[in-house]
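First, one chain by itself in structure tokens, the form predicted alone.
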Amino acid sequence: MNRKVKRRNKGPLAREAQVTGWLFISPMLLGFTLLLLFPMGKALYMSLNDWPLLGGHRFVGLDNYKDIAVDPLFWKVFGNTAYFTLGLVPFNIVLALMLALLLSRSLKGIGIFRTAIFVPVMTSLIVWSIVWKYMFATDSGLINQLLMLFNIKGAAWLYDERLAMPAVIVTSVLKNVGLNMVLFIAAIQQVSRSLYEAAELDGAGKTKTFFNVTLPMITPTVFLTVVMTVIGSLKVFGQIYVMTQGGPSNSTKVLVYYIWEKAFKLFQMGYASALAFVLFFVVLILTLLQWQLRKRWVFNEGDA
């Protein structure tokens, strides 16, 4: 019987099916190879070379990575990136969850508020950053103008080492919180009503119902949003480029901006490629760590 099956698999119909399958997936494979594998391989090779943008290159092995390890500015930039991530992710997730709880009800006109919060997600990042840069302006900015109405002297938000990064974090949260809010609303609306009815019969209040019913049931969505938000925060660039350009005194210079600076301002393509792979491995390690930790707190993932 097994021999007959094997012979059938080797027949013309089986070969035709295989060819058809390969033809169907060939556009994806071609795009994956040309747009991902080849650029990554090229970048890896460049990271092992002293590669100026103009002129010849010279193989240096792991020297670029060794230079990164002893580069004091890299560690400053790495700390800034961690600061941005640790500030943005909890703020974004908590605010998105609060908004989702408020806007998940079926009330007349609730769609207007959902749309208003989601609109910034569709707005151009550059336009959004330019608007907020002018809002944070020291003398004529809207924020300081409003503070003056209450006789409060506004700060030099984007020119103060202590305030520049928090200002960028707030701007980034308001830009993207709508996406996580929509995901949370969808998850909350999928929670079975029978669970809420059971909690109500047990005498649970709104707070206990949220922590014992709603939150555990939407933890898969929470996990998804945390992973997406962490990865996005590590890749931040546009806001920094428009609002602060890494200043003041490198207080907002993050990894992607540092990579861009090394590559396209200082023309150190090899060093920039090495920095890019450092960022790649940071993202990979954090994602794998979150994937493993999900078993401890994500609903129905304990046995996965």
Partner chain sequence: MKKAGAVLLSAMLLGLTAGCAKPAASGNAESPGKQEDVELKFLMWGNQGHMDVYNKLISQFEADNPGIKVTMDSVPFTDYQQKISVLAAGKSLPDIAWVSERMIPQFKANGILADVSSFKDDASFNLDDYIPSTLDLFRDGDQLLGLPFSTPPVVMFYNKTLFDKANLTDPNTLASEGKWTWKTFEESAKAIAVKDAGGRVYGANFFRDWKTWAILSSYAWSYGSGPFNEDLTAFTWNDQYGVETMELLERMMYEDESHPKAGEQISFDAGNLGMFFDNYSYVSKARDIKGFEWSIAPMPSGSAGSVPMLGQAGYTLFKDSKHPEEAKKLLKLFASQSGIEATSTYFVPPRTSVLNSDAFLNQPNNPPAEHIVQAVIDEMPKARIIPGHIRWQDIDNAVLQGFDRLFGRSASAKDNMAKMQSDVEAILK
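Residue numbers count along the first chain shown, from 1. The structure presented is a predicted model; accordingly, all values stated were derived computationally and were not measured. Basically, rigid core = biggest C-alpha set you can superpose within 1.5 Å across the two forms.
The next section is about a form of this same protein that is not shown, the form predicted together with its partner chain.
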> Heavy atoms within 4.5 Å of its partner chain in the predicted complex: does F237 have any?
Replying inline: no
>> Taking any heavy atom pair closer than or equal to 4.5 Å as contact, tell me whether T33 reaches its partner chain in the predicted complex.
In response: no
>> Whether F277 contacts its partner chain in the predicted complex should be assessed with a 4.5 Å heavy atom distance threshold; does it?
In response: no
>> Contact with its partner chain in the predicted complex for L23, defined as at least one heavy atom pair within 4.5 Å: yes or no?
In response: yes
> Given that its partner chain is left out here, which of Y159, F223, F91, F210 has a heavy atom within 4.5 Å of it in the predicted complex?
Replying inline: Y159
> If we take heavy atoms and a 4.5 Å cut-off, which stretch out of 106-114, 213-221, 78-86, 130-138 is in contact with its partner chain in the predicted complex?
Replying inline: 130-138
> If you look in the predicted complex, which residues in 46-77 sit within 4.5 Å of its partner chain (heavy atoms)?
Replying inline: L53, L54
>> So that I can tell if Q292 moves, could you say whether its C-alpha shifts by at least 2 Å between the shown form and the other one after the core superposition?
In response: no
